[in-house]
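What follows is a single chain, given as structure tokens, in the form predicted alone.
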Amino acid sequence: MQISVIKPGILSTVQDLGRYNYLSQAVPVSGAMDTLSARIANIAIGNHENAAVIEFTYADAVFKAETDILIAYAGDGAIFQADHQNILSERPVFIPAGTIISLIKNPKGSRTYLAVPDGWDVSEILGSRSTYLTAYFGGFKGRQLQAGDILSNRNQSTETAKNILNKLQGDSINYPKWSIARQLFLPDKRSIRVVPAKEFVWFDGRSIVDFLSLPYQLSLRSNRMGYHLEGAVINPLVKKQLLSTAVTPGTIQVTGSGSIIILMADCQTTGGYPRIAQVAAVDLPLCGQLSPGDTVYFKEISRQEAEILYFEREQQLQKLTAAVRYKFC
């Protein structure tokens, strides 16, 4: 299965769920900004959840099916269209050769994920197929996609994907009546749940109250490394210097000027700013769909609550995977 990129859009890269085994060597996690949508796109066509997908940032991208292809897409950044007709998301879709697909802006979010059987055929580097743009490695030639690029799947499809293709293949776009209800896996979008971090007590009471009650707005100075937020200033309670210490996607740092940054997929592995909180793992995909100008609130939960929420979602995704396989067994 093969596509050609006609128009790459603002930022389109190949990603999986990231590389975690080299943090001690200062290699960032990278991977999908919205891991939930990436996983659901893969589950919909019977892939392993970590199969490589294309992450489209916003819309305005166009690609052509050079061969018959089976796809699934998920996320809130764009709606796929062919011949001015919407292609439904979060389900397997058969696309005949020659079809041109355009991504139309979806105001609900910022990123969309395109999966094909067994993932896109790019080299595995340090245990992952994710693109790390800063160091120019991983993904498709270590860079974002460009017009004229040709991408193929790995052609080692699971039995589920083969069964799906056999049932949908034909002369026109085809898909089953069912879809994955991705919205049921999403938490309340009105607030991002956070766990107090190591330096939470370094800040004065007024600042903590403001942090957990007032809105913050995503700045234009935001990218895959981190989100700069505009809002109430966080003031220190004590004057301390922090040696560079461990950080990870979802860590919320407070800068010397009192502003806050949410570290995202391509963030460094250590940092010198104090850490006020850590975004709960189940809510980090919500952050991946934020756009400049969006407003967020933070809600404190305990570490134990965050762990329970994480395990509950993992169990739900396991059940979803089994249900999709059953549909096409």
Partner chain sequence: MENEQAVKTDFTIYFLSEQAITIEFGYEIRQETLKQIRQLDRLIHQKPFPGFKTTVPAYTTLSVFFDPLQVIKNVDFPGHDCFEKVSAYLSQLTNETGDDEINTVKTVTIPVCYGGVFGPDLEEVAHLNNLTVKEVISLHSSAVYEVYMMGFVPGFAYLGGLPALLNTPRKALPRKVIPAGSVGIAGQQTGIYPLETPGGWQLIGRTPLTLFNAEKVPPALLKSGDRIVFKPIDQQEFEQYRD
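Numbering follows the first chain given and starts at 1. Note that the structure is predicted; figures quoted are calculated from it, not measured.
Missing here is the form predicted in complex with the partner chain; even so, the following discussion is about that form.
Engineer: Which one of these stretches, 226-234, 76-84, 106-114, 243-251, sits within 4.5 Å of the partner chain in the model of the complex when only heavy atoms are counted?
Structural biologist: Looking at the partner contacts, the answer comes out as 243-251.
Engineer: Just give me the single entry in Val201, Ala135, Ile100, Val209 that has a non-hydrogen atom within 4.5 angstroms of the partner chain in the model of the complex.
Structural biologist: Filtering the options by heavy-atom distance leaves Ala135.
Engineer: Heavy atom within 4.5 Å of the partner chain in the model of the complex: which of Thr269, Thr57, Asn50, Ser291?
Structural biologist: Checking each option against the partner chain in the model of the complex, the one that comes within 4.5 Å is Thr269.
Engineer: Is every one of Leu126, Arg275 and Glu307 within 4.5 Å of the partner chain in the model of the complex, counting heavy atoms?
Structural biologist: Heavy-atom distance to the partner chain in the model of the complex: all three under 4.5 Å.
Engineer: Taking heavy atoms and a 4.5 Å cut-off, does Ala61 contact the partner chain in the model of the complex?
Structural biologist: Ala61 lies outside the contact set for the partner chain.
Engineer: Are any of the heavy atoms in Leu23 no more than 4.5 Å from a heavy atom of the partner chain in the model of the complex?
Structural biologist: Yes - in the model of the complex, heavy atoms of Leu23 and the partner chain come within 4.5 Å of each other.
Engineer: Can you work out whether Arg303 and the partner chain are in contact in the model of the complex, taking contact to mean some heavy atom pair no more than 4.5 Å apart?
Structural biologist: Judged by the heavy-atom cut-off of 4.5 Å, Arg303 is in contact with the partner chain in the model of the complex.
Engineer: So, Ala281 and the partner chain: in the model of the complex, are they within 4.5 Å at any heavy atom pair?
Structural biologist: Taking the distances in the model of the complex, the answer for Ala281 is yes, it comes within 4.5 Å of the partner chain.
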